[in-house]
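Here you get one chain, nothing else, as structure tokens; it is the form predicted alone.
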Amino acid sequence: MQPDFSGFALVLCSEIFVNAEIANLPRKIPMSQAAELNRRFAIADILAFEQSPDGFVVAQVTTRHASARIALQGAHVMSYQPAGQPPLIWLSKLAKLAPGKSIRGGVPVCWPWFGAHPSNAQFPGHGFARTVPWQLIEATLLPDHRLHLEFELVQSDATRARWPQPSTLRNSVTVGPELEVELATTNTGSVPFELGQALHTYFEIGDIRQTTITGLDACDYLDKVDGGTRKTQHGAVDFSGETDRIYLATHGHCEIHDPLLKRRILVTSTGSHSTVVWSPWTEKADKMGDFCPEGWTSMVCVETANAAEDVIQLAPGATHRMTAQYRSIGL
């Protein structure tokens, strides 16, 4: 008697048919990071996220007070412009917007050291926070129509290899009539550590050669252009060449006077003991490659910092908050 395979054949044919149908179904495409952020956090006409083909994600902010662009990489404020005014924050027209590349302009986060690493010359200057991914954990439209965004640095094997101290870092950005930025570092370990940091803010100005900065009179500073020589500021800071100074024990308030744009930019801070003033001037800017021609004339960096002698000793379980607020006032 021959075995009857008709039922088996029917099942087999059915499976082949079903598998063929499955193969022909549209495959589910993973949601992009920007699409996921829009799903979770977008606010109509106020907050949206865009993503380049190489994965670089930017938050676009438009409130009744101001507009801003913030990169998820580095939680980096790229631009800020109060409504009806020129941009307050400068971004180079040749800035590279690509994963792992630092951005020329905006408000780079220097963390957890400022300048060269104290013991390993192979580690990047100004730390790694500005070139690694961050995640958005909160987006809140406040009653006064300011938008508050809170980011947290994403820990990885690469970040821990450069910074083994157990810690968390958050960057809060509030877009309103003024721009507010806060870095909050928490020591989650059992031993203290030394922390250096800065908000390396690039401000848009009419011409560096006509710009002055007040609020630093009588402060000692380290002149990095002159080999780190310690000097004392007398009167307002003005510019006639490359300038790179760490002002020590500063008072949390200074002003950029800009006669061409007819405004003062007020920089106020808390939790900061240093102020860095930087202008590359023409020779250094030309060597960097991501300054547009003569771009150095329309920017100055005034950085809220804890650097050099003013680094922070952070105890176990403690959180250090460094805040900066930027706003413009007409002359």
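Don't overthink the numbering: it's just position in the shown sequence, from 1. Small disclaimer: the values here were computed from a predicted structure and weren't measured.
Beyond the structure shown, there is the form predicted together with a small molecule, which is absent from this document and is the topic of what follows.
- Residues within 4.5 angstroms of the small molecule in the model of the complex, judged by any non-hydrogen atom, belong to 281 to 289 and to none of the other stretches in 35 to 43, 281 to 289, 65 to 73, 265 to 273.
- When the small molecule is considered in the model of the complex, Arg162 lies well away from it, no heavy atom lying within 4.5 Å.
- At a distance threshold of 4.5 angstroms between non-hydrogen atoms, Glu255 is out of contact with the small molecule in the model of the complex.
- Remark: Lys224 counts among the residues lining the small molecule in the model of the complex, judged by a heavy atom distance of 4.5 Å or less.
- In the model of the complex, the small molecule sits within 4.5 Å of a heavy atom belonging to Asp244.
- In terms of contact with the small molecule in the model of the complex, the residue from Trp134, Phe128, Phe203, Phe114 that brings a heavy atom within 4.5 Å is Phe114.
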